[in-house]
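Only one chain is shown below, in C-alpha coordinates, and it's the form predicted alone.
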(Lines give C-alpha, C1' and ligand atoms only; values in the text may rest on other atoms or scores of the structure.)
Protein backbone atom coordinates (compact mmCIF):
# COMPACT_ATOMS: atom_id res chain seq x y z
CA UNK A 1 0.00 0.00 0.00
CA UNK A 2 1.33 3.41 -0.99
CA UNK A 3 2.07 5.89 1.61
CA UNK A 4 1.15 9.49 0.93
CA UNK A 5 2.92 12.20 2.79
CA UNK A 6 1.98 15.82 2.97
CA UNK A 7 4.56 18.51 2.51
CA UNK A 8 5.16 20.01 5.81
CA UNK A 9 6.59 23.34 4.70
CA UNK A 10 4.05 25.65 2.99
CA UNK A 11 6.64 28.06 1.58
CA UNK A 12 6.54 29.02 -2.06
CA UNK A 13 9.71 28.76 -4.11
CA UNK A 14 11.53 32.00 -4.80
CA UNK A 15 10.59 33.85 -7.99
CA UNK A 16 13.20 33.37 -10.65
CA UNK A 17 14.71 36.64 -11.86
CA UNK A 18 16.82 35.04 -14.57
CA UNK A 19 14.70 36.51 -17.40
CA UNK A 20 14.69 40.04 -15.95
CA UNK A 21 17.86 41.21 -17.80
CA UNK A 22 16.38 39.93 -21.07
CA UNK A 23 13.23 41.98 -20.52
CA UNK A 24 15.21 45.10 -19.64
CA UNK A 25 17.37 44.83 -22.77
CA UNK A 26 14.34 44.14 -24.93
CA UNK A 27 12.69 47.36 -23.64
CA UNK A 28 15.93 49.29 -24.10
CA UNK A 29 16.27 48.20 -27.74
CA UNK A 30 12.60 48.95 -28.36
CA UNK A 31 12.94 52.55 -27.14
CA UNK A 32 16.23 53.01 -29.00
CA UNK A 33 14.61 52.03 -32.30
CA UNK A 34 11.33 53.86 -31.85
CA UNK A 35 12.61 57.16 -30.46
CA UNK A 36 12.98 60.03 -32.94
CA UNK A 37 15.46 62.75 -32.16
CA UNK A 38 14.25 66.31 -32.46
CA UNK A 39 15.58 67.94 -35.64
CA UNK A 40 15.56 71.63 -34.83
CA UNK A 41 14.87 73.67 -31.76
CA UNK A 42 12.54 76.50 -32.61
CA UNK A 43 14.07 79.93 -31.99
CA UNK A 44 11.22 81.97 -33.49
CA UNK A 45 7.58 82.32 -32.52
CA UNK A 46 5.66 80.09 -34.84
CA UNK A 47 1.89 80.34 -34.63
CA UNK A 48 0.87 78.92 -37.97
CA UNK A 49 -2.07 80.36 -39.93
CA UNK A 50 -5.20 78.26 -40.38
CA UNK A 51 -6.35 76.96 -43.76
CA UNK A 52 -9.33 74.86 -44.77
CA UNK A 53 -7.87 73.13 -47.83
CA UNK A 54 -4.84 71.34 -46.46
CA UNK A 55 -2.81 68.56 -48.01
CA UNK A 56 -0.38 66.49 -46.00
CA UNK A 57 3.15 65.86 -47.26
CA UNK A 58 3.88 62.16 -47.42
CA UNK A 59 7.64 61.96 -47.72
CA UNK A 60 9.43 64.07 -45.13
CA UNK A 61 12.89 63.19 -46.42
CA UNK A 62 12.32 65.44 -49.44
CA UNK A 63 11.37 68.53 -47.45
CA UNK A 64 13.66 71.37 -46.39
CA UNK A 65 12.20 73.64 -43.71
CA UNK A 66 12.61 77.39 -43.41
CA UNK A 67 11.17 79.06 -40.31
CA UNK A 68 10.26 82.74 -40.09
CA UNK A 69 8.81 84.84 -37.32
CA UNK A 70 9.63 87.06 -34.39
CA UNK A 71 12.51 85.77 -32.27
CA UNK A 72 11.44 83.90 -29.16
CA UNK A 73 11.42 86.19 -26.08
CA UNK A 74 14.66 84.69 -24.77
CA UNK A 75 16.44 85.82 -27.99
CA UNK A 76 14.76 89.22 -28.33
CA UNK A 77 17.38 91.03 -26.26
CA UNK A 78 20.07 89.95 -28.73
CA UNK A 79 18.16 89.89 -32.04
CA UNK A 80 15.34 92.40 -31.49
CA UNK A 81 11.67 91.96 -32.25
CA UNK A 82 11.75 92.13 -36.06
CA UNK A 83 10.79 88.96 -37.91
CA UNK A 84 13.81 86.76 -38.63
CA UNK A 85 14.59 83.68 -40.66
CA UNK A 86 15.73 80.49 -38.94
CA UNK A 87 17.70 77.94 -40.95
CA UNK A 88 18.41 74.76 -38.98
CA UNK A 89 19.41 75.99 -35.50
CA UNK A 90 20.57 79.52 -36.27
CA UNK A 91 19.18 82.85 -37.36
CA UNK A 92 20.00 83.84 -40.91
CA UNK A 93 19.64 86.73 -43.31
CA UNK A 94 17.78 86.57 -46.60
CA UNK A 95 20.99 86.24 -48.60
CA UNK A 96 21.87 83.03 -46.70
CA UNK A 97 18.75 81.20 -47.90
CA UNK A 98 20.08 80.29 -51.36
CA UNK A 99 23.36 78.72 -50.12
CA UNK A 100 21.39 76.87 -47.43
CA UNK A 101 19.00 75.40 -50.00
CA UNK A 102 21.88 74.34 -52.25
CA UNK A 103 23.66 72.72 -49.30
CA UNK A 104 20.53 70.85 -48.22
CA UNK A 105 19.92 69.75 -51.78
CA UNK A 106 23.47 68.42 -52.02
CA UNK A 107 22.91 66.35 -48.86
CA UNK A 108 19.95 64.54 -50.44
CA UNK A 109 20.29 61.39 -52.46
CA UNK A 110 20.73 61.98 -56.18
CA UNK A 111 17.31 60.64 -57.17
CA UNK A 112 15.50 62.78 -54.55
CA UNK A 113 17.10 66.11 -55.47
CA UNK A 114 14.60 67.01 -58.25
CA UNK A 115 11.75 66.20 -55.85
CA UNK A 116 12.92 68.54 -53.10
CA UNK A 117 10.20 70.70 -51.57
CA UNK A 118 10.85 73.80 -49.50
CA UNK A 119 8.40 74.13 -46.63
CA UNK A 120 7.90 77.60 -45.19
CA UNK A 121 6.79 77.53 -41.58
CA UNK A 122 5.91 81.16 -41.11
CA UNK A 123 4.33 82.82 -38.11
CA UNK A 124 0.99 84.37 -39.01
CA UNK A 125 2.13 87.81 -37.78
CA UNK A 126 5.15 87.90 -40.14
CA UNK A 127 5.21 90.54 -42.88
CA UNK A 128 4.72 89.36 -46.44
CA UNK A 129 7.82 91.30 -47.53
CA UNK A 130 10.08 88.82 -45.76
CA UNK A 131 8.25 85.92 -47.39
CA UNK A 132 8.63 87.57 -50.82
CA UNK A 133 12.36 87.97 -50.21
CA UNK A 134 12.66 84.28 -49.28
CA UNK A 135 10.74 83.29 -52.40
CA UNK A 136 13.04 85.44 -54.57
CA UNK A 137 16.07 83.65 -53.11
CA UNK A 138 14.42 80.28 -53.75
CA UNK A 139 13.74 81.32 -57.33
CA UNK A 140 17.45 82.15 -57.82
CA UNK A 141 18.48 78.56 -56.98
CA UNK A 142 15.58 77.02 -58.91
CA UNK A 143 13.84 75.66 -55.80
CA UNK A 144 10.39 76.19 -57.20
CA UNK A 145 8.39 73.66 -55.18
CA UNK A 146 7.28 75.67 -52.18
CA UNK A 147 4.92 74.53 -49.47
CA UNK A 148 3.30 76.75 -46.85
CA UNK A 149 2.79 74.87 -43.62
CA UNK A 150 -0.54 75.61 -41.93
CA UNK A 151 -2.93 74.23 -39.38
CA UNK A 152 -6.18 72.72 -40.54
CA UNK A 153 -9.35 74.56 -39.62
CA UNK A 154 -11.67 77.38 -40.59
CA UNK A 155 -9.68 79.99 -42.54
CA UNK A 156 -11.89 82.80 -41.24
CA UNK A 157 -10.35 82.33 -37.79
CA UNK A 158 -7.18 84.01 -39.15
CA UNK A 159 -9.08 87.32 -39.05
CA UNK A 160 -9.48 87.14 -35.27
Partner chain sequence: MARRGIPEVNAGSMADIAFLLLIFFLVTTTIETDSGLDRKLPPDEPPEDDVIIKERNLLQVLINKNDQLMVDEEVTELKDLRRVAMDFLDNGAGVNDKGETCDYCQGAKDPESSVHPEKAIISLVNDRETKYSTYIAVQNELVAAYNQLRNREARRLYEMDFTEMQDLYRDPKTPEDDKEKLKPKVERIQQMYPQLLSEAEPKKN
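Nothing here was measured: the structure is a model prediction, and the numbers come from that model. Positions refer to the first chain, counted from 1.
What follows is about the form predicted together with the partner chain, which we do not show.
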- Message: Although the partner isn't part of this model, could you tell me whether residue 127 comes within 4.5 Å of the partner chain in the predicted bound form, counting any heavy atom of the residue?
- Response: yes
- Query: Taking 4.5 angstroms as the cut-off for heavy atoms, does residue 104 touch the partner chain in the predicted bound form?
  - Reply: no
- Residue contact check: residue 113 to the partner chain in the predicted bound form, 4.5 Å heavy atom: no
- Message: Residue-level contact is defined here as any heavy atom of the residue lying within 4.5 Å of the partner chain in the predicted bound form; does residue 20 satisfy this criterion?
- Response: yes
- Can you name the residues of 55-89 that have a heavy atom within 4.5 Å of the partner chain in the predicted bound form? 55, 56, 57, 60, 65
- Note on the structure: Per the comparison in the predicted bound form, the residue 108 and residue 33 C-alpha atoms (change 3 Å or more) are positioned farther
- Note on the structure: Evidently the Cα separation of residue 47 and residue 35 changes by 3 Å or more in the predicted bound form, so the atoms lie closer
